[in-house]
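To begin, one chain is listed below as structure tokens, in the form predicted on its own.
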Amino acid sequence: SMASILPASNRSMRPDRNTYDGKSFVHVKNPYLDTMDEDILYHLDLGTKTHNLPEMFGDVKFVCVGGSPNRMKAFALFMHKELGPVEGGEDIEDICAGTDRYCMFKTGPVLCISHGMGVPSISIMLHELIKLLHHARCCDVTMIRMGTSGGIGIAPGSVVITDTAVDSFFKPQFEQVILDNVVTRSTELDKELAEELFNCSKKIPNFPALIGHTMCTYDFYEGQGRLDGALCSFSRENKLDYLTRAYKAGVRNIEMESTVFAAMCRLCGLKAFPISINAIRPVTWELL
């Protein structure tokens, strides 16, 4: 726990400047940011001097992220319709149109952003998104990752609400290489949010949902035990043994972003949970 890590003298220190009046603001953990004349969010085509970030994003309460630009635009249009008339009222526009790395759409308090595939791609986006939310002085923000995944021992089409993001060794941690050090970060998620979402799912007919662990890998083929990649150095038996052990450890689906998503959001004071739709057949079945 934090109490065992922090010295007792911390209790007498000034309150966290990111939290006051009962509101939880987005943290940044970088002392150099305050010394910078301008912060350019390169891959979002936004900046503190070129854009009024508090005016553009200050009311954001929910950030929904997902891999595919087309899927995120479709979700943003869905939210646009569900929320009814909001500011502007016209068709939604890609706020990051000046870059081809990510797309971003805003509908009222909901921000939708694509993050590409894999840990490096979502990590770059999250660094800049978290800085954006900090510069915009957003508070009480909830982060949701929506994506497809491979299921383990669950029905195709199931929605997995992640209670814990784990690595390839079934551990709730993310290992970040910083310079030539390996830093281990916790991937604890907000359990109350997972339960709340699960309870919501019960009210929707024909919506098979479950709570389970989500495993994050660095690769789609060998890292997820597929037999149809350009390289394969293990047997079908090795694969089934591994997936069986994963299932016994509580893993119900596999994707490629959840651990870094959980770790970064946790460090920066954001409530977060990934939802993954098992849109492909379970990986415990025979693959091509």
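Since this is a predicted model, take the numbers as computed values, not measurements. One-based numbering along the sequence shown.
In what follows, reference is made to the form predicted in complex with a further copy of the same chain, a form of this protein that is not presented.
Taking non-hydrogen atoms only, F207 never approaches a further copy of the same chain to within 4.5 angstroms in the model of the complex. Within this chain, V160 is remote from the site of a further copy of the same chain in the model of the complex, having no heavy atom within 4.5 Å. a further copy of the same chain is not shown here, and in the model of the complex it never comes within 4.5 Å of any heavy atom of L133. In the model of the complex, P172 stays away from a further copy of the same chain, with no heavy atom inside 4.5 Å. With the partner left out here, a further copy of the same chain still marks one of 105 to 113, 192 to 200, 175 to 183, 75 to 83 in the model of the complex; by a 4.5 Å heavy atom cut-off that stretch is 175 to 183. Of the residues in 124 to 149, those that come within 4.5 Å of a further copy of the same chain in the model of the complex through at least one heavy atom are, in sequence order, I124, H127, E128, I130, K131, T148.
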